[in-house]
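Next up: a single chain in structure tokens, the form predicted on its own.
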Amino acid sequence: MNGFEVTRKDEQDITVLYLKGYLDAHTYPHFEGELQKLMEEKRYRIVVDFQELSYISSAGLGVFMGFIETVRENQGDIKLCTMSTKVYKVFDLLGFPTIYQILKDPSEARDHFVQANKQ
């Protein structure tokens, strides 16, 4: 079985989650738990970095859909970044680029949050 890890880094009111490994039907509860912790801590400005994610299944994609409404109701957002071409194709196939901003890297994602604050 392939592993999955989530590393969290808080930068002021923005949290960056770094995903590593395989996000699938066996590992999605771990990721879901991390997002649930952020909801309990009222941290709604979230960046998810996919640089070390090798694979994502529909179960993994479903986790994002399960939290986006709560996040946006609380004036936050989930921004996605650093996707491999393989992972991006899965998101693109299901229309996620129309729902989520997919950015180059965590720095660019943080900049989008900062710019949103200025408006």
Partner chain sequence: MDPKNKLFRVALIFIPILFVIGVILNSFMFYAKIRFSAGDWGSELLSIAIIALVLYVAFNYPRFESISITQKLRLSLFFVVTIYGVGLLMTLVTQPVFFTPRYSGSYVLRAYTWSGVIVAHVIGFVAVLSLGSCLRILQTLIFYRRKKNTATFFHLFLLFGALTALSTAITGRPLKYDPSSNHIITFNLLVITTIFLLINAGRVTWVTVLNRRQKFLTFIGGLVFTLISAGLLGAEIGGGATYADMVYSYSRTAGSFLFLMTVFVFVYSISTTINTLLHLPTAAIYDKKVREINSIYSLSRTINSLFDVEKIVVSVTELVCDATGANACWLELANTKNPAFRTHFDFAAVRQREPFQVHFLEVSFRKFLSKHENARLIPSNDQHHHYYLTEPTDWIINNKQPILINQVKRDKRTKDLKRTPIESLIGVPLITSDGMLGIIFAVKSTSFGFDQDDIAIISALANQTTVAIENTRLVKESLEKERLAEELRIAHDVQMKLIPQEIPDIRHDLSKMTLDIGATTVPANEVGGDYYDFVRLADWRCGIAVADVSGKGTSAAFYMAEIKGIIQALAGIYSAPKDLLIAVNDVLFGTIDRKSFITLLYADVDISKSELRFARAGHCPLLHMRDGVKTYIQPNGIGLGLDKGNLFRQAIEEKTIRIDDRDVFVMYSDGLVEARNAKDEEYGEERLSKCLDGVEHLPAGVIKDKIIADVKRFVGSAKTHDDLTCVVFRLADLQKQVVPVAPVTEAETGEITAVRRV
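What you see is a predicted model; the values in this text were computed from it and never measured. Positions refer to the first chain, counted from 1.
Below, we turn to the form predicted together with its partner chain, even though it does not appear here.
Annotation: in the predicted bound form, residues Leu103, Arg110 and Phe113 none come within 4.5 Å of its partner chain through any heavy atom. None of the heavy atoms of Met39 is located within 4.5 Å of its partner chain in the predicted bound form. Interface residue remark: Phe96 is counted as part of the site for its partner chain in the predicted bound form, having a heavy atom within 4.5 Å. For the chain shown alone, Tyr44 is not a contact residue for its partner chain in the predicted bound form, no non-hydrogen atom being within 4.5 angstroms. Looking at Glu52, you'd find every heavy atom of it more than 4.5 angstroms from its partner chain in the predicted bound form. Contacts between 44-62 and its partner chain, taken as any heavy atom within 4.5 Å in the predicted bound form, involve Tyr55, Ser58, Leu61, Gly62.
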